[in-house]
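Starting off, we have a lone chain in the form predicted on its own, written out as structure tokens.
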């Protein structure tokens, strides 16, 4: 197996792209200096820049985290009202009222994100719509605070010592600078540990949880960031137009913001910027059509969304992108397990006692005992419906047991969630492949390497190196830059294994790793598992391929109808009469004999 050459570690994630951001900042300030000082076109530019900031918030919560939010106009309004009330009624400086609005709105976003604990999909969308409607009613009817439907006028723009930002060009420069900052933040967030965790939640919540991602916390944080960005856009909007009213932040504006994000490409802040500019400017370009312009405008939006489901930026990225290739350049990969050799011991790495799981009247597991010794490969076999996958789901925290206990390295983890067990050194793969299909092969494995508790999870350069090392171990380093969906079924299984290995687990659970593989792929898998066994990794494997089990297993436990019917050395178990009757059949008995 080839090794990548050692090189200096990559730059910190947040430092990459800084020169480009500074260049963009200079460009927008230069543009603001020659923009109209007042009038209609200045207002259009201010609206586009402030709306684009709010749409960047939708990129975070919807594009990255996959949570449907139809209340972004509400967050825009909260930020605007905080700046308006702060500068007009409370006498606060603009640059005090603006961050205060972001904090207050961010808290509302966090609270709204709590709904994602129990709800998802269209139910969560309904909650966000309700929040939007309630906020509109409050802004309209709480006259003593919000000034009611008449709105708030006379909103002041900021003045700093030696810098007057009240002029049209100066304030446009402020809005555009904030847009550059918000775009840079959102762009870099996608490549950060938090951003990858969000994308993992979006693509497959179950797989993300077994990679150590706290799904609920990630969703709440995504709503909080989205709300804060919405408030930033809203606060700047209030200063831009010096007047706001409740109808400017009603539900229909949330739909407009969502359309902007989807039209440009909701998974990229650059797409959000394109979509915002397009929807703001398209009506102006079509004014010459007079009465027909609205119909042409609507038809143009519909056609783009039908034929470009990933948005305008998605088309650009597919045509000119080379995503992820540069991340592996010079990365020296190494796995800690490669420094170990097989050292089976009597120490128990995973102990299950009296484990039961009932689904109504069905006893999928019924008082199962099992002990996996450290440094060994323990196989769990049985006929279809015997409870094997249910056993792994309970052990990994996806199901709560009806009775019994689970201990990992002597620590009781029975009451812990899946992500907490992963943080303590448990990793798994799935019978039905669960990869993060919106990400590259490397990004998939990096999520595994970023398991909290792993030695590199806080070190961005170490994470890339560890992920490359895991891909090298399974022979997929050359595919690191590819979208994971471009790989064959068998190679996607290897991605799952590499993702688990990158987290340096103490115990690895493999659920039917040979399922769906051809004979050549099964032989390669057997060699891979033998290499893992040679490095002393503790493995609990489920598989129907008895030859594969015989090749790698040190110990076998057999389940039937949720009960353990045999346990011991492979030769003794595979020739046990109850096992033969329940699972193997007479022909295989003669073969073993």
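Positions refer to the first chain, counted from 1. Just so you know, these numbers come straight off a predicted model, no measurement behind them.
Unshown form predicted in complex with ligand ADP; subsequent notes refer to it.
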TODO: State yes or no: in the predicted complex, is some non-hydrogen atom of residue 387 no more than 4.5 angstroms from a non-hydrogen atom of ligand ADP?
DONE: yes
Open item on the list: With the partner left out here, check for me: in the predicted complex, does some heavy atom of residue 359 sit within 4.5 Å of ligand ADP?
Closed with: yes
Open item on the list: Residue-level question: is residue 99 within 4.5 Å of ligand ADP in the predicted complex, judged on heavy atoms?
Closed with: no
Open item on the list: Taking ligand ADP as it sits in the predicted complex, is residue 399 near enough to touch it, meaning that at least one heavy atom pair lies within 4.5 angstroms?
Closed with: yes
- [ ] Answer with one of 431, 405, 518, 252: the residue that has a non-hydrogen atom within 4.5 Å of ligand ADP in the predicted complex.
- [x] 431
- [ ] Note which of 129, 215, 279, 364 lies within 4.5 Å of ligand ADP in the predicted complex, where distance is taken over heavy atoms; exactly one does.
- [x] 364
Open item on the list: Looking at heavy atoms inside 4.5 Å, which stretch does ligand ADP contact in the predicted complex, given the options 228-236, 200-208, 310-318, 379-387?
Closed with: 379-387
